[in-house]
Structure formats: structure tokens, C-alpha cells
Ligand code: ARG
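Next up: just one chain, as C-alpha cells, the form predicted on its own.
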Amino acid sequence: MVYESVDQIDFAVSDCPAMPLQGRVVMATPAHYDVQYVINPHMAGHVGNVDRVRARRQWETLRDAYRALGMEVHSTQGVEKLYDMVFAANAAAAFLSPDGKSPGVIMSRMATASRYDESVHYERFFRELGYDVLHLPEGLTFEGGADAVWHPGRRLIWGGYGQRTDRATHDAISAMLDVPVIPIRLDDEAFYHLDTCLCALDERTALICPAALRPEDIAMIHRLFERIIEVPETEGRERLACNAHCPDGRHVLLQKGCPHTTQKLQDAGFEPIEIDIGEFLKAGAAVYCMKLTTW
């Protein structure tokens, strides 16, 4: 159920069971967001340089954009000294039981000590929402939905590893959820989660930053997506253009200031919605990092 090369892929996307798109968004308030250490290259030079008032306005703009698209938004309070808790995509990987009745999450186990305690607060929040809560075997690191991206509308996961998430984590996830996983190795520290270089827009289309991916992994992406939109390296690396989100197969929320990516999306029939969340770029995050989509 874990496929590591294009030669191993013996199925079509249409062979994977269908499932509904995620309709809920989980966000954490940015009251305590800051850059107080450097755990990825984007943070360098930004320690103590966050405008919290502006960050709050940008967070609210993104939240309101989801509401305008008909998404159900649930927010939890950020916690003092957990500066990165605002990046809810890292909190867990959401899943839906095969019968479509029981939503749940697999909790993250962060790779950096500064983020360990986030999971305690998120787990309490998910239990209050009524989700089934699962945990990985001891010793595995995993940074949630940022490294476990569902293929839109299908029971198939694209998994990132090599920077924050262990390769063996995807074997465990495949077994826990009885779902195929395509692991993608991340070698570039600037693209430290899969959601920084791969954005699944709809069942047929993926947005990728080829400069961040190995040729063999690009081949697997081409094998299972009919249409690939390539992001220029500058926009992918400096503006995190791939850290976008298409919640409905039509609208694409992405960081403002990515003109080439925006034009390519329009040419492909999507409706880009540019949102300035520049204060969060200082921590190496754009739209996708800011939320966890669930059922």
C-alpha cells in the first residue's frame, strides 16, 4: 500500500474509493504567534520581527475567505510561548472512516522540541469536536496534514518525508487507515513539508514546484495527476506559491505576489484568490500551513 516508484504504481486514481471533499477548517488564533527561533531557512533574519497587529488582520482575512467559500471554520486559542501553534496544518492528519460517518485525526509528533507541546492542546480540541483521535507508534516523527496530503475526492495520500516526518511514518499511516500512500522525499530545507511544493488542486490537477522535487517523485505525480501546473522556483521558494489551497476544486487561495503562478492557475480554469499573509511568510508559511481541513 506504499508506493515508492512509478514502476510500483499498479492502479489508477479512479480505482481508489471516492470520498467527499473536506468541508471544515480548523485554525488557531495568532495571539502568541512570533518568530523566536530558526527551524527553517525562511525564519532567518526575522527573529523578533513580527507585527502581531498586522498578523492578526491577515489571519482574519484568511478566516473570512474560507467562510465566504462556505467552509465551516472552527478556531482554537493559541497558547503562550507556542509561537508556531498558529500553523494548524501541522497539528494532525485528518481522516474519514470508510463508511463516511466518523471523522478523526492522527496526532502529530513534532520534529523540533519547541513545538512538542502543541499536540496536547490540539488533542483536547479535537476530542471536544468529537473526533476519533489516533496516535502513531512511539519513536516516529510526523507533522500532520503538511506531510499527509489527501488526493482530492479519493482515498489516497501523498506523504512528505525527509525533513520533519520519518519515512516509516507513512507505512504506519497506510496500515492505520488502510489507504495507499505515495511517499515523496524532501531534500531541500526550504521545502521542509510536502505542502510547500505540492498542492493537489482537484482530482486531475496538481500544482508543483519542480525545483523542490526529485525526478523520480515528479514521475509519480505525473502518473496519477492528468494535469500538472509548474510553479517558478522564485515564487515557490520566496513566496511559497505551492503552499496554496483549493478547497472546492475551483477557488485557489494563495499568497499575494505570485503573478506567474496566478496566471497559470487562471489559464487552467481556476479562480485564484490572492491573500497577503506576509507576516507568516517570515516563519516559512503561507495559506496551506494556516489551517487543517477536516470532515
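Throughout, we count residues from 1 along the sequence that is shown. Keep in mind it's a predicted model, so treat the numbers as computed, not measured.
One more form of this protein, predicted in complex with this ligand, exists but is not displayed; see below.
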Which of 93-101, 120-128, 174-182, 188-196 sits within 4.5 Å of this ligand in the predicted complex, heavy atom basis: 188-196
Heavy atom within 4.5 Å of this ligand in the predicted complex - the one residue of 148, 105, 89, 207 that qualifies: 89
Heavy atom within 4.5 Å of this ligand in the predicted complex - the one residue of 43, 69, 268, 31 that qualifies: 43
Residue 19: touches this ligand in the predicted complex, heavy atom cutoff 4.5 angstroms: no
This ligand contact at residue 292 in the predicted complex, heavy atom, 4.5 Å: no
Non-hydrogen atom contact residue 255 with this ligand in the predicted complex at 4.5 angstroms: no
Any non-hydrogen atom of residue 283 within 4.5 angstroms of this ligand in the predicted complex: yes
Residues in 149-170 with any heavy atom within 4.5 Å of this ligand in the predicted complex: 164
